[in-house]
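Take a look at this single chain, the form predicted on its own, given in structure tokens.
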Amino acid sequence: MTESNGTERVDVLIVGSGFGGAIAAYHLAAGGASVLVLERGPWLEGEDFDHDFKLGSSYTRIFDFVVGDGMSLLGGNCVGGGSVVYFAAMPRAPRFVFDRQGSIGRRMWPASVTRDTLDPWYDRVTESLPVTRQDWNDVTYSGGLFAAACAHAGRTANPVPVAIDASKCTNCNWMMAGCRFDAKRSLLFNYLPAALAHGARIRPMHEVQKLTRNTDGGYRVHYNVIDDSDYRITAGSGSIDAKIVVLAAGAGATPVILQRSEPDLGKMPHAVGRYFSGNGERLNTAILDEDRVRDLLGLAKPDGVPYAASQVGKGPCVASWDRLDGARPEYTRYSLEQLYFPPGFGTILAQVPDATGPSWFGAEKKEIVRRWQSWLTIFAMTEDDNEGVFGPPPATGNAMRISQQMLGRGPIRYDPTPNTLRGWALADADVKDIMERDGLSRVMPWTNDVVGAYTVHPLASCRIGDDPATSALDDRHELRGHPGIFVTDGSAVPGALTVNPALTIAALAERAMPGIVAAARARGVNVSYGAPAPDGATSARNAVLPLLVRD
């Protein structure tokens, strides 16, 4: 709808099309609201996804890599957001996570959110994508090797639940560049097409800059149109009025939009742009001794080679959850996942074990890169202290663009506390104990000297909670002091989860939907809640309906 003054108007405007945005778009459109989604990145699918790392390929177009001070963030930049570029590992957060205290010294999650209260919403997402359990016949050779190494060291390992259609997966391992075989159950195959079928619209290459108030108590959303090939170029701009705004631009962008909006909207909650968590993430590269793989683990392929190059395949398939014990002290709990990280960052950041010179470049580094076929990367997700803080926002967007695509310099500052460093050190030691046992490999963590710490799962920069001093959102995901603005992306998660966070982000977004629908109704939007799963399944929907508080 367009008003007489030329300003476009919708009931609900959603910023971002990852889990938080796609879930909101589906439920609100299915309920009868007019919904518009503005997405900063391109709209690609299927054969648009290239098996290439060159500039201009899907790999550089659909990623956003922002280098900050002490922390770098890697996330999705496309229609479907992180679901297009992630490895589709979908575990639920352990029960102890919801009782974490972190840096504030008291429970950081709202009292209304526990593992028990979130389980029905986990079920909704699991049914909608869907998420399936793998067995040992589904895992890659590298996953089996990590499991065998764990067993050799007296540890356990398990296949991880995933959002992958195994019948379509070719084990190509280009998941991070988008799946051209439609095997990954990204949002392009469930929530987003269902939202479109109910009348929602999506506009790619639209980067939201700020919000202001309009004359009828709603909000005006201001955006720039970004050039399709050079993200540094603005091809236009505009604004749209909405009664409800749902921010789901990601934990690296949502707080920046709100900071830039403060001069117009008024004071933001103290926690906007604070308490950022990198999900406590850490990476180690094990350089395997091929003979020891055969002799210690009893592994060999038909060609007689024990391992070489067999890390190529799906993303994380196997995890060790031995340290996810709620009886252990905080900051000593973490998971370890086998992972194949494609050439690029992994090649640069991997360090040389026992280096006599520089650990991440030079002659010794050249030698271990020559042995890349014997690498196995182990991904740790620990408990950090939410020590990330966003500085003043850049002139536009979430970062100052350094290159034509992908790379930017952002305002995040991250100085790891002793608690975070302790968790990293314990996880690193565990990886060494497992992977170096009896000479199986040599292990070194990735360096933090190049781009600081790093995360592919940014969280908590605009989080839910009960305490207004330490949370930007109430337990319904509404921005404190600014009714009608909701946040449903990873920035709403209160802290590190010790596992891959996608399923928890999605479950929290599902949980927020009845409250957003109620807020929209209070603002005059004719909308209802109660849509089935995108494919029409109703069992998980029917399970949550009795939990809702009726008007």
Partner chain sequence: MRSDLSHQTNQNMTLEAFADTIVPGEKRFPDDIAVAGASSGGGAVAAGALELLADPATGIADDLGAFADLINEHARAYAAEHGLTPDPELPPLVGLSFADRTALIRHLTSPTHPEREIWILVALFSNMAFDTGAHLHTVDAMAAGHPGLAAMGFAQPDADGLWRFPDYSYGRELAHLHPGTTSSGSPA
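Numbering follows the first chain given and starts at 1. Keep in mind the model is a prediction, meaning the values are calculated, not measured.
Although not depicted, the form predicted together with the partner chain is the subject of the following passage.
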Answer among 104-112, 248-256, 263-271, 320-328 for heavy atoms within 4.5 Å of the partner chain in the predicted bound form: the stretch 320-328
Heavy atom within 4.5 Å of the partner chain in the predicted bound form - residue from 174, 189, 223, 454: 174
Taking 4.5 Å between heavy atoms as the contact cutoff, choose which of 298, 236, 193, 391 touches the partner chain in the predicted bound form. 298
Considering non-hydrogen atoms and a 4.5 Å limit, does the partner chain approach residue 179 in the predicted bound form? no
Might residue 120 be said to contact the partner chain in the predicted bound form, defining contact as any heavy atom within 4.5 Å? no
Would residue 314 show up as a contact with the partner chain in the predicted bound form if we use heavy atoms at 4.5 Å? yes
May I ask you to state whether residue 449 is within 4.5 Å of the partner chain in the predicted bound form, using heavy atom distances? yes
Sequence order please: the residues of 146-171 with a heavy atom within 4.5 Å of the partner chain in the predicted bound form. 147, 148, 151, 156, 157, 158, 159, 161, 170, 171
